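Just one chain is shown here, as structure tokens, and it is the form predicted alone.
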């Protein structure tokens, strides 16, 4: 998942950036509201964390501008300002959560996980599709009870596919998710990651879950749904064959 942090005090959030990075979040840190708004023009984020005390624009106004741009990304305020009127103003502007500095790292991480889950309509940390199960908190993946050993890139790809189950994801979306526009390799690397991921899934009976949509990208579907769609198509073809022959 990708997070944008806006805070002019790099020292105050440096540890948070490192912790999130170790948890395989892609983190972009900017120091001004203008930089944050510019980042939103180029990338999609799973969470936006902002300080209210910024050098060029009050944080509350930044939040309003983000919402006026019809950006629905969850917003967490992480600020030195602790008074209730300020908190109310931030929520009124469009913030989803408010954490004061100094902050407890474990609690803040839990809040971040809860906000990102909520943005995808997920009530708990486990994502289950057919025999496949992925835990967003522990980052453990299993198929039919067998744990899979995935690289960080393989996990990130599978996480994105599960979070957006049933949607076609382009290779550009995967590259953005994995590298965040920094030192991106050639697009064909996504095909390599998908191929390796498919092999690991197939080893424990989760074959055909990741489907190639030619010219567009990849999609993850529930095996039962995919099988039902295939059977319906087959039934229509077989049922209509005699009619073609009769004509």
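C-alpha atoms forming the largest set that superposes within 1.5 Å between two forms make up the rigid core. Residue numbers count along the first chain shown, from 1. Everything numeric here is computed off the predicted structure, so don't read it as measured data.
Only in words, not in the display: the form predicted together with a further copy of the same chain, which the text now covers.
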Original post:
Should residue 114 be counted as a contact of a further copy of the same chain in the predicted bound form, where contact means heavy atoms within 4.5 Å?
Top reply: yes
Subject >> Partner contact for residue 199 in the predicted bound form: a further copy of the same chain, 4.5 angstroms, heavy atom >> reply: no
**OP:** Answer yes if any heavy atom of residue 157 is within 4.5 Å of a heavy atom of a further copy of the same chain in the predicted bound form; otherwise answer no.
**Re:** no
Original post:
Hey, in the predicted bound form, does residue 176 get a heavy atom within 4.5 angstroms of a further copy of the same chain?
Top reply: no
Original post:
Looking in the predicted bound form, is a further copy of the same chain within 4.5 angstroms of a heavy atom from every one of 101, 193 and 195?
Top reply: no
Original post:
Within 135-151, which residues have a heavy atom closer than or equal to 4.5 Å from a further copy of the same chain in the predicted bound form?
Top reply: 135, 137, 138, 139, 140, 145, 147, 148, 149
Original post:
Does the distance between the two CA positions of residue 71 reach 2 Å or more between the shown form and the other one, the core being superposed?
Top reply: no
Subject >> Core superposition between the shown form and the other one, C-alpha change of residue 200 at least 2 Å >> reply: yes
Subject >> After fitting the core, residue 84 CA displacement of 2 Å or more between the shown form and the other one >> reply: no
